[in-house]
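For reference, the chain that follows is the form predicted on its own, supplied as structure tokens.
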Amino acid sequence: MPPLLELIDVTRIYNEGSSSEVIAVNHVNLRIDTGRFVILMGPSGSGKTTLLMLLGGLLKPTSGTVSLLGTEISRLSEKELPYVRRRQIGFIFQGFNLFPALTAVENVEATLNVKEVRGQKAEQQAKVLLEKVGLTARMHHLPEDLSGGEKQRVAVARALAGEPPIILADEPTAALDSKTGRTIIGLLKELSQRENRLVFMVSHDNRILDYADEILYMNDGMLLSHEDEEASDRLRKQIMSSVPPPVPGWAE
């Protein structure tokens, strides 16, 4: 059986052939199965977010292949890709990306509508999802009336809409205090274990490492090699020296 997600020799180049060419992702190979909580770490500009966008079908590789359950999504047309993203992938962004004029429950409903769940069914499912993330009492509030942690909970609920097998998260704890961040990470960890989903998170926050089933490191567009232990150790130390030190109590 093919892995849930697979990258084979994937490279992504911005402004290819110009004087400002940037190799954001450089010949990356990766296989990930379901039921895993994977964290990708690295300094700013290392290519983490570009890799996440490639995994989610938001970008196409310059070369190489990206596959989801054996289907090569990197070769799908722009008409076919949205269907795959709606059905298979939930996104959590650092900036929340909530609709300011919609309440929490309406924000989740809007995502369900895109996934062809509408009306009373969408409303009921949205309420269940917000209950799952502990936001029952605040579901009828607008984003401006929610705290950062509450907005992130709405974003998590929205990512779960339609029960996608893959959750991709881009720095979901960056703007959160330690207590709220611990709650969000604990929720995502539980999702990977209880509901057998793949949670793939990009971060430069080493406070969350104890939650991971697997930690990947990236620098200069390259993924840490697991075969060359000496090179791996040097790169790991370089990356970890650039991220904040642990905060006591984060992973208690």
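Everything numeric in this text was worked out from a predicted model, so none of it was measured. Position 1 is the first residue in the sequence shown; the rest follow in order. The term rigid core refers to the most C-alpha atoms you can superpose between the two forms while keeping them within 1.5 Å.
The following text describes the form predicted in complex with a small molecule, which does not appear among the structures shown.
Colleague: So in the predicted bound form, is the small molecule close enough to Gln94 to count as touching (4.5 Å, heavy atoms)?
Modeller: Result yes; Gln94 sits at the interface with the small molecule in the predicted bound form.
Colleague: Even though the partner isn't displayed, in the predicted bound form is Asn15 close enough to the small molecule, meaning a heavy atom within 4.5 Å?
Modeller: Asn15: contacts the small molecule in the predicted bound form.
Colleague: Any chance Lys189 has a heavy atom within 4.5 Å of the small molecule in the predicted bound form?
Modeller: No.
Colleague: Can you check whether Lys48 is within 4.5 Å of the small molecule in the predicted bound form, heavy atom basis?
Modeller: Lys48: yes, in contact with the small molecule in the predicted bound form.
Colleague: Please tell me whether the candidate spot formed by Leu129, Glu150 and Pro172 is one where all three residues come within 4.5 Å of the small molecule in the predicted bound form (heavy atoms).
Modeller: Not a single residue of the candidate spot has a heavy atom within 4.5 Å of the small molecule in the predicted bound form.
Colleague: Can you pick the stretch from 192-200, 39-47, 179-187, 209-217 whose heavy atoms fall within 4.5 Å of the small molecule in the predicted bound form?
Modeller: Selected range: 39-47.
Colleague: Using a superposition on the rigid core, decide whether the Cα position of Ala174 changes by 2 angstroms or more between this form and the one not shown.
Modeller: Yes.
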